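So this first bit is one chain, no partners, the form predicted alone, shown in structure tokens.
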Amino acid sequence: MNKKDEPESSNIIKYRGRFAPSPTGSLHFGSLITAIASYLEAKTSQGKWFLRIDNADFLREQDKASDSIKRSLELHGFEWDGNTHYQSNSLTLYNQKKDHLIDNDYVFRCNCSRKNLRNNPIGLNGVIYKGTCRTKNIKEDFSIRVITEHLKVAFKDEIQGHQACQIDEDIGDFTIWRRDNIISYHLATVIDDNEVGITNVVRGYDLLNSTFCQLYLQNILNYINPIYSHIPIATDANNQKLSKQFGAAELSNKLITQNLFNGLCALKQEPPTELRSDNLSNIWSWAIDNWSSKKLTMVKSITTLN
């Protein structure tokens, strides 16, 4: 459920976190772990926690998935500040920022296909793009890529430690606007985080390398860089990430306390056994009082039977 987002009385920037699921299916256990970690980080920092539905990619959105996700979060005791933000309500802003990048020569049009790029080396985020279309005058059927300078991008991850890459060599000119006229994940994320004033991003380890692209865009757009914490991802017995893409089971709303207990175990918080069958209030009270992200230091994945 949402809570009124009251104005902050001080000029001091307080903790502002978020959970940003994509409505490509119902909430699953891997998503729950991220929600728990981001929520507890905000609560133990006396901060705010926002809910954003990342539905800019309407082609992948499933009918009623947003409502299902919100309902599961509510039943599991999550309370978010302000109204739920939907990326689909920010399309005008996205286009304004795209035009800004075009007008200031930060980007270029590209009509390369996957076939054109099949011989390119593989980098941190897939195929490394080396500026093939930078000087071409392409008029139609194009994506938009950002020009990456020869620049080292680095940050301190609060869980995974120091991270760095040479962005033009390790990632290359990445896409900020797709050929089907949909904004990229990277650009949408930095715009939305900036609009809400997000100070801290807690998300899965599988998105760590995306941070380099997002930091690069934040600097171009003169945005403040949030603090990042990448928690371990939940995997099955075959070391496959629990995700909607790979058919992760829908989270049961009939097993709420067990789900939270298992989530805390996956996050290495070592809750007492009796919490498994305790009430929702007591579980959250214990979790807030005992939360420690330091127990996750340098852990990249956790195998679970969920």
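So that there is no doubt, residue numbering starts at 1 and follows the sequence shown. Keep in mind that this is a model prediction, so the values were computed, not measured.
Not pictured, yet referred to below: the form predicted together with a small molecule.
In the model of the complex, none of the heavy atoms of Ser293 sits within 4.5 Å of a heavy atom of the small molecule.
Within this chain, Thr148 is remote from the site of the small molecule in the model of the complex, having no heavy atom within 4.5 Å. In the model of the complex, none of the heavy atoms of Tyr94 sits within 4.5 Å of a heavy atom of the small molecule. Put simply, Ile182 is far from the small molecule in the model of the complex: not one heavy atom of it is within 4.5 Å. Residue Leu207 is the only one of Ile227, Leu207, Val196, Ile102 with a heavy atom lying within 4.5 Å of the small molecule in the model of the complex.
Think of it this way: in the model of the complex, the small molecule has a heavy atom of just one of Arg203, Arg109, His85, Lys98 within 4.5 Å, and the residue is Arg203. Look at 123-131, 185-193, 71-79, 156-164: in the model of the complex, residues with non-hydrogen atoms within 4.5 angstroms of the small molecule sit in 185-193.
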